[in-house]
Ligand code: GDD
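This document starts with one chain, in the form predicted alone, laid out as structure tokens.
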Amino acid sequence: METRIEMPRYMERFGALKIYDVQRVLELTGGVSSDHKRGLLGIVNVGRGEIEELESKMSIIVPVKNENPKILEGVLSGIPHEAFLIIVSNSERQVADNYRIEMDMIFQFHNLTGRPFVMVHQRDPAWSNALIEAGYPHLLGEDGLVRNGKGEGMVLGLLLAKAIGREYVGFVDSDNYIPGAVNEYVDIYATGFYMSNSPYTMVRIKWPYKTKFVGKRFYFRRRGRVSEVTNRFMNLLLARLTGFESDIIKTSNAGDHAMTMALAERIGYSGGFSIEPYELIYMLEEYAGLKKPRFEEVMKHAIEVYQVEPRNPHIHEERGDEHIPEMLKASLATIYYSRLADEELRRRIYEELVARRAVRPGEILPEPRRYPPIRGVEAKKIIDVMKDLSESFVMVE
């Protein structure tokens, strides 16, 4: 059986960075490899065997914060068995210890499925010794603990994935109600790596619909409230660089995305909600040919960024609108403070934030906290230290 997906029909290049326009999954299972349609122009067929082989070389990181254990269990059940699970939780531990509840559920899941996994709490004090020993203390705050924030948890997951040593690493959000959607996302990651000719590859999911239940039926919203705005300003940044308008970027806030570990080691990251757009900003700043990059070997290859639309809609728990201004502010700050942005673009970003009541007039927009690439970090030392000192770290192989 095969997955059938559109060939990339359009691409824009910025130095070593190639960004492909959105490709759609055509069939989740498109028949056997001998199917006569295999030769159709404009279609990529990827066999089940190739997908499973790539997934066996993949670690999947699941950042968690106070998620319903039933929903989290569904997410884990959707991750293909061949992939290695890494769960980084920043759940509350006061009153009810949500982390212990998550851990009990994951051990039960392991007992039933035999899945190997690593699980750890983001605020575990042992991280201080582990990160210093490994040579990456940047995530630590003044209190000696890893800072709160989604981005910080994702970087911890990357460091663990580096230590485990698999060739590819992906992220899936922990709030997805549909296990089949999670399964499709990871298959898409494998399909993107299969299509790529570069050791430096990123695959980003563009949700077809962000779905909510309204009244007696589902409402399928085509565009996310934050991503639509971030995409618009990201493309305005590209227009200022090239002199040509663009709408190539459609996945600025893609929490569900994956990379080759070779690329993951050679890009920078940022804290909180800004991490996904900052990955794109970093690649533009570093590899668009505007300066000598830190990792010159990347310039000998193209960085290939695939944007893929799955068939499954994304359905997650409705948490209200309180977090939207913070997400928007963090996302647009990555563009606002980019050295590629001019004063006119910064003015327009600030006016957008004021209009959407994300900042008050005259308020200083907080600058994103940036973290350097993890290349050169002695990540295996992290596991050794966490095994010795951590009370939250669990590794079952």
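Since we're looking at a predicted model, the values are computed, not measured. Quick note: we count residues from 1 along the sequence shown, nothing fancier.
As for the form predicted together with the named molecule, it is not shown, yet the points below apply to it.
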Contact residue in the predicted complex, from Arg294, His110, His316, Arg311 (heavy atom within 4.5 Å of the named molecule) = His316
Interface check vs the named molecule in the predicted complex: of Gly268, Gly271, Gly255, Gly78, the one with a heavy atom inside 4.5 Å is Gly255
Are any of the heavy atoms in Pro63 no more than 4.5 Å from a heavy atom of the named molecule in the predicted complex?
-> yes
Could you confirm whether Glu279 comes within 4.5 Å of the named molecule in the predicted complex, counting heavy atoms only?
-> no
So in the predicted complex, does Trp207 come within 4.5 Å of the named molecule, heavy atom to heavy atom?
-> yes
Answer with yes or no whether Val88 is in contact with the named molecule in the predicted complex, where contact means some heavy atom within 4.5 Å.
-> yes
Option from 355-363, 65-73, 368-376, 334-342 whose residues, in the predicted complex, bring a heavy atom within 4.5 Å of the named molecule = 65-73
Interface residues of 103-130 toward the named molecule, as seen in the predicted complex [heavy atoms, 4.5 Å] = Gln122
